[in-house]
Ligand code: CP
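Next up: just one chain, as structure tokens, the form predicted on its own.
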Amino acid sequence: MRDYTNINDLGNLQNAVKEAIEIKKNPLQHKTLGEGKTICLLFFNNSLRTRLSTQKAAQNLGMNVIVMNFGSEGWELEYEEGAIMNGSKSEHVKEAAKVIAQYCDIVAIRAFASLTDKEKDQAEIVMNSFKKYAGIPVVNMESATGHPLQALADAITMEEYKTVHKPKVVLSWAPHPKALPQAVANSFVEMMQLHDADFVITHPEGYELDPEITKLSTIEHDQEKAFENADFVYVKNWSSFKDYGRVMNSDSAWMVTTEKMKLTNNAKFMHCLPVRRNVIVADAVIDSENSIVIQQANNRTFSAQMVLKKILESNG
């Protein structure tokens, strides 16, 4: 595996999950694999779990880690071909990517959607520019349209907590005061399409995700009906894809409550964090014994470590 920018880069999800769980049993078992190697983590947006877990994963493999926050530390980059750079952007990605590649062996990037220009966001300009010009492996730490490290951690978590061979998994939209990207939801859907599960997406009308991603996945606009007999309830807000970036519905009735969870098959509650308490989910749900959000966050380390291990093994 050269790059990890989409969950499908893993080849076989089930094998990847098994390997990650084995790594989790002894995180330092491959501590010499990354000796003499450096990973550069570039953050164009804020992070807590992604930054700390990816850094820890790299260190568990013996790698050196360089972190740079472009929002406050780096020059503003230009991505347009043939641009006349007489504005606020001081450096072109053509030079920046090549320079960074001289300092490290792997570059990992976090760059959110603008939520203002659908075509540019779907073109994944930041991620694809580094893939084009850096010439070294690229890892997606959340892009405009996907968060495959989170999706792999979610798959690991469900494997650890499932009680039936073919669980019912529900991805539910919930309200949020801000417009949020579709990235986490997109990658979760793509991951679930590789799973043997009864998968349902529930959201208000108008919040359909990209149909190229959801494909034939079941969509249910009645949240309570979707929750019936669920084994896992994964909750996430996203803004409109059709009316791109808009918050069209802030209906508090979509918040996940104890009453709704009673409709499930004693389901585990999942969320990628950070979460708006008593907006996305009631305190009683996220603080319950069935909430596995902290365990889910812990698996971010082993998700990243499995990916970095694959890349190091493939690229020498």
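Computed from a predicted model, the values in this text were never measured in an experiment. Start at 1 with the first residue shown and count on from there.
The form predicted together with the ligand exists for this protein as well; it is not shown, and the discussion that follows is about that form.
Distance criterion of 4.5 Å from any heavy atom to the ligand in the model of the complex singles out R49 from the list K37, H30, R49, R276. Put simply, of S143, Q150, N186, N237 only one has a heavy atom within 4.5 Å of the ligand in the model of the complex, and it is Q150.
The putative spot formed by R110, C272 and R300 is fully lined by the ligand in the model of the complex; each residue has a non-hydrogen atom within 4.5 angstroms of it. Heavy atoms within 4.5 Å of the ligand in the model of the complex belong, among the stretches 41-49, 61-69, 285-293, 256-264, to residues of 41-49.
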